[in-house]
Ligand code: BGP
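Here we start with a single chain on its own, the form predicted on its own, put down as structure tokens.
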Amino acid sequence: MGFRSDFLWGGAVAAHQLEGSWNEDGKGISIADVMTAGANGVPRRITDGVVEGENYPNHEAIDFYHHYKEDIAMMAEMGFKCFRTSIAWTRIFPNGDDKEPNEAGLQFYDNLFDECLKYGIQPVVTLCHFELPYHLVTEYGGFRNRKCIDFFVKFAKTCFERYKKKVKYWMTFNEINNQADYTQHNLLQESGILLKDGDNPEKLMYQAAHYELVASAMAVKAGHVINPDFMIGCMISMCPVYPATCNPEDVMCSVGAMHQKYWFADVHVRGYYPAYMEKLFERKNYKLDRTEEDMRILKEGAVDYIAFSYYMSMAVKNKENNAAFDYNNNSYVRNEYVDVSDWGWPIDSMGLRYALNWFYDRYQIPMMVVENGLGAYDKKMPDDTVDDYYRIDYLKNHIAAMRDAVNMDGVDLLGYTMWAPIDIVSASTGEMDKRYGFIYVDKNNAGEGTLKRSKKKSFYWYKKVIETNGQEL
């Protein structure tokens, strides 16, 4: 017993976190390009356009734009079956509302996908991964504006047509449910929204998410017409929420938190809003712009599979007298049964098995784990390697839990793309010193370094995992 014979082993990245060349070959400014460097515990700032003298780590990143052949060759050496990346929207439509696509941008991804296919590596592609065109933010207000639906669908159809013979697996919006915590950072990353005086962030989040879900469904429908063999999925950030105790109120508090974070998947997969969300809108008197045509499109554009990230689990304790048990960010508590990473993220490998069961019990469609990894401080050794035994332990335990979900629980799993096979810029902090990769990149938080690539010990470990189809960990 084990993983399917055609299991997709690989790694995952996002264009804005590794490509660099932020203004080369006609590329426009994305929301990632106006986010400064942060640090562990220090949030990134959002500037009003690109401001001279500010440090924007995504502008150069690790210069994958010019190093992709070298990097793909190293992934091929590990035996990758697939490589998950995103298409930078602003390489294709620099402003987002352009009449014609940018040929130089389209050609770059032709070259990248050809390089992958040369080694038998399937591209797995996310359309919008925290890289909305900044022009759509300033001119239209991002996805607070219904017009952005058409801009996204045009972008999606352009990519589907261009790469219909090179890419089979697609995802629409990356971690669309992160905005359930409607902070300014999350609203910009997910929906291209800058908050204004008088905004109700929660209501605005629900409206923007609705427009994105409609845009996703329209893209799924269009993609299936362009190539019926396409597999087009949603992408959900999965952090299971446990009750802190077996107190029934804590259990119901966890139910409310799961509702708030994962209703997005209900709409993506089932094609309609769950009853608990309709009741929430009723309680809060949120009258959203949702047309009958929208509801029809959601039903017709249900996804083919669920892709999700898994890094950690969470725990909640009911602290308020709330009969509806609506989600409250203040309910989170430390789970004393699990360790934490250098960045304070709980490490819970069993939670991945739980997540796979939760999704499969609920939806019964195929899944792909498209992000899972450990951000850590790596120390280079004199022989130019990194002894990242802690990363190996983390991944070993998570892959074992994933294997148990397949062998013992019977979930339908298509593949696993760990985050990230090569060191890249952190989306949350803008750091380089928060490293995930099997491949070390010589660059630090200050932007210093040669960009030289070298192999960590985990490189050889993952090579063996793929060779044995996950049997030898």
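Sequential numbering from 1, following the sequence displayed. The structure presented is a predicted model; accordingly, all values stated were derived computationally and were not measured.
Quick note: we don't show the form predicted together with the named molecule, though the next part is all about it.
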Does the 4.5 Å heavy atom contact test between Phe130 and the named molecule in the model of the complex come out positive? yes
Is it the case that Ser426, even though its partner is missing from this view, gets within 4.5 Å of the named molecule in the model of the complex, heavy atoms only? yes
Do Lys27 and the named molecule share at least one heavy atom pair within 4.5 Å in the model of the complex? no
4.5 Å heavy atom contact, Trp345 and the named molecule in the model of the complex: yes
Tell me which stretch of 408 to 416, 444 to 452, 428 to 436, 59 to 67 has a heavy atom within 4.5 angstroms of the named molecule in the model of the complex. 428 to 436
Of the options Phe264, Tyr134, Tyr311, Tyr211, which one has a non-hydrogen atom that comes within 4.5 Å of the named molecule in the model of the complex? Tyr311
Interface check vs the named molecule in the model of the complex: of Thr172, Ser331, Asn178, Thr85, the one with a heavy atom inside 4.5 Å is Asn178
Taking the named molecule in the model of the complex, which residues of 244 to 283 have any heavy atom within 4.5 Å of it? none
